[in-house]
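Take a look at this single chain, the form predicted on its own, given in structure tokens.
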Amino acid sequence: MSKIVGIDLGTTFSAIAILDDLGNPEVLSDPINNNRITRSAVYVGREKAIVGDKAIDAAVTNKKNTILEVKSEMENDVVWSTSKGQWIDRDGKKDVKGYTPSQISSLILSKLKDYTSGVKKAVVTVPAMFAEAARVATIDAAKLAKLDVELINEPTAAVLHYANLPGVSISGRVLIFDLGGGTFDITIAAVKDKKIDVITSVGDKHLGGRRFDEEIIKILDKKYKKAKGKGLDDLNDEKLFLIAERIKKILSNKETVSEIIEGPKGPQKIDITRKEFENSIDTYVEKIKMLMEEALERADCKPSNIQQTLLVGGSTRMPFVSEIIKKIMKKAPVKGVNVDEAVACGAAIYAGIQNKDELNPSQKKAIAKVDLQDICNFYMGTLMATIDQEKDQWGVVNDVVIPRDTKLPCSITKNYAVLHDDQETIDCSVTQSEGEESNIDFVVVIAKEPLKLSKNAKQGDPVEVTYSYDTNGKMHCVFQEMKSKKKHEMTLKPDGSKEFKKLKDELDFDIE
């Protein structure tokens, strides 16, 4: 029987978990170094790829071949150029040489799945605010790693883990505060025992511990320059990031840290205080506060309505996180779980839910009472023509069909009309946006196909548009001309890109 796993594919660190024989999630360790979390760093050689801490070591001899934070590029049409050592925008051109984010991510997934044997199926986590393009790229990565995959939002996975902890009872509305290495999500859910009802999610795809490391490096550069008269040579040097990461961790427990920094003018001892660090990340702290308040507003909640705040992600160990939560929520967050592993553990539980037929009796019993209801994290709409009353002219606008935070599964129908007599076709377009946008410049068109109308179509003839969205991220869209009953149907699901075969043919590595 093949094994089913949950994978937290993180910006800076990743982890893989499996349900043990009793149905409890267990994080697997790297059999070589026994690490339970793996650095999401990849070194690409001629015939071999290195994943993890050794990829950072390999960067010493060839920095251009080392790729970090690939997750931040998943929604972009870019490739990593080993000749330039940076991401290159393809601008729609498919012949630009380099490795796509999906290919690089697949190497991380392949490394993780080899921590055990017989892995064929996986649930891979993504940030709640990951757009369609990023989800498709993640599916591509899993396919390249020879995984049959489902996706789940990271904070949703985390609350699954919390709700299933032995001896732990969670009841009422909870706020999941997920601050990782590269992304930040806040989710509010109603929980009763093992029944989880997600209410809303908000987040920032580019806010995380790595940004805090950058601020520490700026402090080091400023102080080195003051002492030596010249700043550090390369502020993007990964050695500096490792030092900054170490300083950040020490400042989580101490008020001051001292570090010897090697620079162009020789070594220099530099002291950094926790206060200096927290002042340097003030802009990010304010953004976190703003997102917490937005989540509460979207959920129509006051802080007093939230029973517990659950922490997820390694960056939540920093003292300022608990201080923010205490200030806004008027109570301390819940502690007691490994915040680095909660998402992977929740993904393993969800993997079990999605594949119950392959579980043993004990595993089935352990997750039998788990009931998860998720939401649509975006506004899903369609493009329509309308008259601009101010300009007295026709224009195209976006019209929302499924509002954000709608409970899944759902089915919503909206009525439209033929634009003019003898119109031949209708563009059946599906849009996605984070905000409730009417301006077409602020939405992404994720599908666009034609519906051929009947002969002699008349202005005002009714057209119905129905979007049905299920819990697995699949949306079925029907555009129907009511007079003739002609219709066009599209089934949309993040199931990989059309250029998947090309990606597969270009990737042939031994992975260390």
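Numbers follow the displayed sequence, beginning with 1. This structure is a prediction, so every number in the text was calculated from the model and none was measured.
The form predicted in complex with a small molecule exists for this protein as well; it is not shown, and the discussion that follows is about that form.
Comment: 180 to 188 is the region of 261 to 269, 180 to 188, 134 to 142, 414 to 422 lying near the small molecule in the predicted bound form, near meaning a non-hydrogen atom within 4.5 Å. If you check the small molecule in the predicted bound form, you find no heavy atom from any of Pro127, Asp204 and His206 within 4.5 Å. A heavy atom within 4.5 Å of the small molecule in the predicted bound form is found for one listed residue only; from Thr100, Asn377, Thr156, Ser315, this is Ser315.
The contact residue chosen from Lys113, Arg404, Arg274, Arg210 relative to the small molecule in the predicted bound form is Arg210, the criterion being a non-hydrogen atom within 4.5 angstroms. The small molecule in the predicted bound form is approached by Lys248, whose closest heavy atom lies within 4.5 angstroms of it. Although the partner is absent here, Asp340 sits close enough that one of its heavy atoms falls within 4.5 Å of the small molecule in the predicted bound form. Not displayed here, the small molecule is kept clear of Asn24 by more than 4.5 Å at the level of heavy atoms in the predicted bound form. Contact check for Gln354: no non-hydrogen atom falls within 4.5 Å of the small molecule in the predicted bound form.
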